[in-house]
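Only one chain is included here, represented as structure tokens and corresponding to the form predicted on its own.
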Amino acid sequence: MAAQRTDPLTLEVVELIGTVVARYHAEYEQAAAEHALTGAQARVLGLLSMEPTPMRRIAQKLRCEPSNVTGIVDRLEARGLVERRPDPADRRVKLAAATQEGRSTARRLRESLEFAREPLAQLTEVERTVLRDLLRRMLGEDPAEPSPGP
């Protein structure tokens, strides 16, 4: 039985998804470098600028090992952009939190982005909802379920 060839529309859609992702990452990496950050450091700083977060949850959001997050937070802490503090709800847990300088850096980085700041800017809310639901379906997720977060 011969392997079925992928149709041209599917190939184009897959290529377009790859192009969107590559453009987003390239712009994000460039903006991070302009702030003397790696892309991973910029992503962690962006997360922490929104709220203090346990290290394990940062690793889950970035889909990486907690030991990687520890190294990233160490480097951000050495630059005065992040600090560690006990979680008031459970003093055994350490939260990573952006300092004032870290929040300012994250804001400047976000403002320097164009496409990566709002890659879906050209789409209406209805179109964004349809796209989200289609992507969830592609990933085998229930479109009606709330997303686990970024």
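Since this is a predicted model, take the numbers as computed values, not measurements. Residue indices: 1-based, along the sequence shown.
Just so you know, the form predicted together with the DNA exists too; it's not on screen, but the next bit is about it.
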Quick one: is residue 97 in contact with the DNA in the model of the complex, heavy atoms, 4.5 Å cut-off? no
Although the partner isn't part of this model, could you tell me whether residue 52 comes within 4.5 Å of the DNA in the model of the complex, counting any heavy atom of the residue? no
Contact of residue 104 with the DNA in the model of the complex (heavy atom, 4.5 Å): no
I'd like to know if residue 113 sits close to the DNA in the model of the complex, meaning any non-hydrogen atom pair within 4.5 angstroms. no
Residue among 118, 34, 125, 65 with a heavy atom within 4.5 Å of the DNA in the model of the complex: 65
Residues in 82-113 with any heavy atom within 4.5 Å of the DNA in the model of the complex: 84, 90, 91, 92, 93, 94
